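This document opens with one chain alone, in structure tokens, the form predicted on its own.
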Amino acid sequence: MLSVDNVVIERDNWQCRFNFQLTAGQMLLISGASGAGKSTLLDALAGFTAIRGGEISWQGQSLLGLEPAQRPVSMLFQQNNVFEHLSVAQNLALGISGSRKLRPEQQARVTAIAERLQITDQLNKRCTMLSGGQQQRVALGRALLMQRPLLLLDEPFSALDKTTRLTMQALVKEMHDEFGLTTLVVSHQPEEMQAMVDAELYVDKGEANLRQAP
């Protein structure tokens, strides 16, 4: 279980309090107005933003005091999710090893995830040659190869056209179910994802309210 217990985050003259629990294996949609604190919450969970009070824990263990690389979290951002000067295969390899030199069994994992995401024919291409949707498939594959149980998605598909965005959202749901992930996704188009999530966290005016999916 992910537990966010009376967490207070401050930025300049802005403050927001978060208090919710998410059972392992669930998917949470985070919605609300721009600037309400949705992305800031994900940054705090990942360890990129300090909190002013409260507790964040995963499976009963506190995440506070852990560096981002030590947390059980992988995160996709709105942009800059791939290293454009590297090939697709090299980007995927970074999900397993920082050296990009893989053992045969690790290379097999890369091949398997590329097949699952339908980017096998792109493995030797540089990411600059890919479409936005293909680049986000690469980023998702790298996140899955990290084998961390918490997947945080901060509007990673917002720059895509609607058809591609819906395809990627459906693919995230498939991967969420297949890999048994606990997923938190920020979206400015919540109506597109409400049918596939377990709950929605609506952030507004300094407070966050959890709603169970219908």
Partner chain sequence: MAQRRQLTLQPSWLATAWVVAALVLPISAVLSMFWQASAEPMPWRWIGNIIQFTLLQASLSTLGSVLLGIVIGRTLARRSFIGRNWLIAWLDACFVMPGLLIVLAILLTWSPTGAVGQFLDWKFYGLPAILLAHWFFETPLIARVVMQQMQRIPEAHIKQAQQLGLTDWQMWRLLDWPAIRAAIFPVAGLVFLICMTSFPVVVSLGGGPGSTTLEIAIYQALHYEFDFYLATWLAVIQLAIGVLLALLILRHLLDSWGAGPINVQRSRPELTSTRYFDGLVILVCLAYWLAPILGLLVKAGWQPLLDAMSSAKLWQATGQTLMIATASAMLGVMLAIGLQAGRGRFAMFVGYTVMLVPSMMLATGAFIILWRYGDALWQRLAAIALLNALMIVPFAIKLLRPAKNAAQARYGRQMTMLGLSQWQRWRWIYWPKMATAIAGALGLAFMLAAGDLGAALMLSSHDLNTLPLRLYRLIGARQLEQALWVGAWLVFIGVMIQRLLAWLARRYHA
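In this text the structure is predicted, and so the values were computed from the model without any measurement. Residue numbers count along the first chain shown, from 1.
The same protein also exists as the form predicted together with the partner chain; that form is not shown, yet it is the one meant from here on.
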{"item": "Full three-residue contact with the partner chain in the predicted complex, heavy atom 4.5 Å, for 69, 81 and 84", "value": "yes"}
{"item": "Residue (of 130, 123, 94, 102) lying close to the partner chain in the predicted complex, criterion heavy atoms within 4.5 Å", "value": "94"}
{"item": "Of 160, 175, 168, 146, the one that lies within 4.5 Å of the partner chain in the predicted complex (heavy atoms)", "value": "146"}
{"item": "Stretch in contact in the predicted complex with the partner chain, which is absent here, among 178-186, 24-32, 60-68, 160-168 (heavy atoms within 4.5 Å)", "value": "60-68"}
{"item": "Contact test in the predicted complex: residue 117 vs the partner chain, heavy atoms, 4.5 Å", "value": "no"}
{"item": "Residue 137, heavy atom within 4.5 angstroms of the partner chain in the predicted complex", "value": "no"}
{"item": "Contact test in the predicted complex: residue 43 vs the partner chain, heavy atoms, 4.5 Å", "value": "yes"}
{"item": "In the predicted complex, residue 75 touching the partner chain (heavy atom, 4.5 Å)", "value": "yes"}
{"item": "Residues of 160-196 having any heavy atom within 4.5 Å of the partner chain in the predicted complex, listed in sequence order", "value": "none"}
